[in-house]
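Below you will find one chain, with nothing else, as structure tokens; this is the form predicted on its own, and questions on how it binds or moves follow later.
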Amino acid sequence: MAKHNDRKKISYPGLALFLVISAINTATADGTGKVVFEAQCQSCHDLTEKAPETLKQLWERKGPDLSSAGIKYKSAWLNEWLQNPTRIRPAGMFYGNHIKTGKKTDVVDPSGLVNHPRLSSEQASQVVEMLMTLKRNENLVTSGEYRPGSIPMMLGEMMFDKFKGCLACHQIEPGYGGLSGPEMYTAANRLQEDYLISFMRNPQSWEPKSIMPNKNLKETDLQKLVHYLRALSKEKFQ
């Protein structure tokens, strides 16, 4: 009788979870990143190459547009991150939806934030292989435009924090910096240098409704900021 009662307790959420797992296993067996992406990622990420026409559409995004993934992300980082994702945007895609008033300033309200799903090693490799073929806005990137170099950390931090005002929106270590943009202490690990140069030069050429301001940076400043981000990524913040 006890076993019979237990069977009655099987819920529809449990059935839904079973169906999701089945779909993921089927996708993996199929061997294509596109199938895995459709099963795991498509509900939050856009591949249609259609930029938001209004701020409301931009703010309603659940995850970043991946139609330029092949010229934006570093494949090795992306492969590792999909297997062990960490939060890149401390206040979610649109910070206004996930902050509350603190004692001195706004703080993140974690109640509405969701964790990114983990992929298996095989799934991650399949998805990355597919994403690296997506190269919208390729015409905005000049291969080899970034020229490797270095900058003293103190000078780089002063430039980022004070001279250019980037700290108002971005964190340079966990808990230090703004909440409205992605953290920058792993930026050079995850983003291709030529993309960084292009995006910082003119964010609106990539995303017309982007809230990232165009600072009209000099070409030498663009190089120095990427030098700094590369140095910052070696600090190994968790």
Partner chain sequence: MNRSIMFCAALLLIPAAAANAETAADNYRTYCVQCHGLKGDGKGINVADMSTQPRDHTDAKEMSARTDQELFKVIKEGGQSINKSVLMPPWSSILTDEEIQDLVKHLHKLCKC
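None of the values given here were measured: they were computed from a predicted structure. Numbering follows the first chain given and starts at 1.
Same protein, other form: the form predicted together with its partner chain, not shown, and the subject of what follows.
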item	value
Location of its partner chain contact in the predicted bound form, chosen stretch of 65-73, 185-193, 36-44, 166-174 [non-hydrogen atom, 4.5 Å]	166-174
Contacting member of S111, T105, S143, N115, with respect to its partner chain in the predicted bound form [4.5 Å, heavy atom]	T105
Proximity of T54 to its partner chain in the predicted bound form, heavy atoms at 4.5 Å	yes
Close approach of R61 to its partner chain in the predicted bound form, 4.5 Å, heavy atom	no
Contact test in the predicted bound form: T32 vs its partner chain, heavy atoms, 4.5 Å	no
4.5 Å heavy atom contact, T220 to its partner chain in the predicted bound form	no
Non-hydrogen atom within 4.5 angstroms of its partner chain in the predicted bound form for each of A91, N97 and S210	yes
In the predicted bound form, residues of 148-163 near its partner chain [heavy atom within 4.5 Å]	D161, K162, F163
